[in-house]
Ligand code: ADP
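Only one chain is given next, in structure tokens, and it is the form predicted on its own.
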């Protein structure tokens, strides 16, 4: 292996065709190869070969990876060719690399538009740790620091600039951009530009003016979640020209999806968290009060947890978020206000204590688990009471269109929760992607298929009750009222409307309320019943339902899941994770945290869990072996290599029998 410190040049390419220029920086003493320091690494020149080799060489040199993730290479190639690009990659799919690598390979400045002020510093810290000159401009900087960065921008000292859309569109800032040799714009979280997106930001609408001001520069729009309608809107709003479109699979193979019946939900959550004592996780709650209540109860039970919600002061939110990112606490209890600016790769689980409003938000929230590709869990606790609660919130909306959209989205979310289908099939189907396999083997429905039964009789009872209520009263009612009639309720409406005199009154005692509600929703999903959102969610029989009722057609229903399930931790050997020596992994994780604390950066900036697990599997004890570990690029090899090699050597000295035969499956 070539000594990485022999040269004193960092290469920059004027064009993708391989014309190399160099920028001289202060070199390092080869004898200090493994001494940690805080300067950027001095890298040797990269040979000008063909396009693919140049890309792969830069990938290895700066990021420590030998291969691209799906579609990354094609996206980077298109961008370097000067094309506009639209890229939809799932969370953890490597969107950032798609603009970072072109920025390295070409001279000039790549401007990244991001709404995530909290994430900008972490992104820049990560780039600098890899030997890449980057900066950000946002409201968190004082005037002195901002002036320093402006001066370096005018001097051409940066490769990548992160900026919020509000600042970008200021007239004075746009004038500055014209003097900074900008080579491309990358719009991250591009779904924010669409009113049809789940996280619309009005300030993003102004970005359409960029195309008029910089008509010749290539644009890149990137997002992790967007339906077809939102994709079309992004292309139109940003005025992308003949954009090369890349849509990766929405499948996250390392995520395990599970829906559990909500019973004693705190105890259910606590049991699971206690089974993962060293892992980080997010618990999403519906209300601000619920986040604080849950965090308090977890702390009283010995779990390091803090709340996060929009009602907290910005300073307190930032403190709690920072504590989570830096592994000072293990669990953050949050509303949906948390997460979009979180780049923490080792979140091992995402729990939803309450039912999310829509599938798109749920997919994005669960996507915060396992960004590093290691096995991670996504658990949703479901209760019909959550549905009723959300329907009440929806009914309070004054705009009829908003009510209809929210009700439809909620119905899709309930379908996901109650479906007996593969969870992946339902999620991917929402985004118009087919899941061609019969089983994913990585969700609760595929591991333990729900039992079906001949549900003709309960289906007949439920549909007959709808028919009798309509016939007797001349108006329709909702699902809860039908269940009241079937269970013989004596509530005010049942008695007032005379529904206690119907032939279907009190004929449903063989099932409990949650079971009847589940049957009703399944009949809706299967097209026997229609739920009219514009009429306060009243039920009507469809032609299919009327025919089945009249002809007594056989109907199969899913056996309701009402018993408590135990959430068991999974073994990585069952799910494609990285088996390693867990004792060494724990040692390296402690070392990583200490180094990160010294430098004031999150632990994952030093090395990811994937990198540490590979070290704890392969036991690298010299520079050549360490450089073969995924995620160890030239800069990190120089900065951290010696420290980790020493730790591994000491571990092996103290545990001479440690090795492949001593590997313990990770949990």
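By rigid core we mean the largest C-alpha set that fits within 1.5 Å across both forms. Here the structure is a predicted model, which means the values were calculated and not measured. Numbering follows the first chain given and starts at 1.
The form predicted together with this ligand is left out here; the points below concern that form.
Across the options 477 to 485, 320 to 328, 86 to 94, 375 to 383, residues that bring heavy atoms within 4.5 Å of this ligand in the model of the complex belong to 86 to 94.
Listed residues 357, 309, 521, 371 were compared with this ligand in the model of the complex; 371 is the one with a heavy atom within 4.5 Å.
Put simply, of 558, 183, 407, 72 only one has a heavy atom within 4.5 Å of this ligand in the model of the complex, and it is 72. At the 4.5 Å threshold, heavy atoms of residue 52 stay clear of this ligand in the model of the complex, well away from it. Interface residue remark: residue 343 is counted as part of the site for this ligand in the model of the complex, having a heavy atom within 4.5 Å.
Using a 4.5 Å cutoff between non-hydrogen atoms, residue 65 counts as a contact of this ligand in the model of the complex. Residue 353 shows a C-alpha shift below 2 Å between this form and the one not shown [criterion: core-superposed Cα displacement of 2 Å]. When two forms of a protein are overlaid on their rigid core, residues whose CA moves 2 Å or more are considered shifted, and residue 116 is one of them between this form and the one not shown. In the core-superposed comparison between this form and the one not shown, residue 308 has its Cα shifted by less than 2 Å.
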